[in-house]
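What follows is one chain in structure tokens, specifically the form predicted alone.
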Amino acid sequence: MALTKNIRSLSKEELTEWVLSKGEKKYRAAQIWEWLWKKHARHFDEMTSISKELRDLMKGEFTFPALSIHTIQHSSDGTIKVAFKTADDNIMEGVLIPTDGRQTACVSSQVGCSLGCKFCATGFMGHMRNLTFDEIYDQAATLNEIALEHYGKKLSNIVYMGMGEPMLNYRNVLKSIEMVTSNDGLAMSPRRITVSTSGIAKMIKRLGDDEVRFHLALSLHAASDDKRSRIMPINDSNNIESLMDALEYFYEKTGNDITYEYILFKNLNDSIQDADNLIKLYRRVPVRLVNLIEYNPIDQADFEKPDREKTQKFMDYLAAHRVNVRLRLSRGKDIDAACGQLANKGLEKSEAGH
């Protein structure tokens, strides 16, 4: 077998077959599998219940490209941002967001992003590569360990809202969720996982065809095509009408919760007319919630957030029209960990390890 084979790309059956081919007992495969996923080993030598001889055989035939922690930053509000390093020296970020009743991990699906949304720091990085399913799993498992270490609680929720567009890394995202929800992995309910997309209609329909069990969030951010295209180039090829059609299809196939994410930008999408347009889209699809999001400034853009009074007026207008709306207060702004800010910034001043 080629040395380039990642051991975590093997199925449980393939791993068992390999173990038996080395003259080992079948139960050794179960032990190795547990180290790879449930115990979240990061290299072969951590597998202390496996003989040195078998570990050496694995080292000779497999790679084990687990993520390592590059740096950690702690926010004054308790948020923890982790810069992860891949085996090929790429950096991407994940965030632990603790609240009263939840420990939420925000994970990345790509290194950088190709969609170029005008308000998002990640979009200005460009796209380096997709993350493999085990690299995405590593983020969730590591943030779970950090949650236990710092807050004494394991993860309650995972959101795929970090760097990258999950629908452009479809197979790896779904495979990572399969492992996160497996009893062999983090054993998390898919109902506690939300995947966010900037809006790729055909992939949203594919989620419906695949009858996924997790929730979906659409990064809407504007309720008319002209405004949305100004800030999100993806809207030119996936306009709002096509997205509404795809969301209707997704809901019909799965019945899963759908959320609209809507960042408020001063004098761009915060008028009563904008609110009326949003209400129409809310009624078009069975949307559970509209998440209004505070805009978080980035160096590359000159957008501003509306003042508190205008934000409240927008929110009250939606609520008066029976929209289930919530203002999502940003967390981790002081360490560039808030929505739209992930861009590997400030790593040089961070603390290594945890």
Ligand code: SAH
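Residue positions are given as counts along the sequence shown, with the first one as 1. For clarity, every value in this text was computed on a predicted model and none was experimentally measured.
Not on display, but discussed next: the form predicted together with ligand SAH.
With respect to ligand SAH in the predicted complex, the three residues Y160, E261 and I293 uniformly fall within 4.5 angstroms at the level of their nearest heavy atom. Interface residue among V180, C120, L96, L131, judged by heavy atoms within 4.5 Å of ligand SAH in the predicted complex: C120. Taking N269, T197, N144, N238 one by one, only a single residue has any non-hydrogen atom within 4.5 Å of ligand SAH in the predicted complex, and it is T197. Only one of 207-215, 136-144, 248-256, 160-168 places residue heavy atoms within 4.5 angstroms of ligand SAH in the predicted complex, namely 160-168. H221 belongs to the set of residues with a heavy atom inside 4.5 Å of ligand SAH in the predicted complex. Taking non-hydrogen atoms only, A66 never approaches ligand SAH to within 4.5 angstroms in the predicted complex. Contact check for I298: a non-hydrogen atom falls within 4.5 Å of ligand SAH in the predicted complex.
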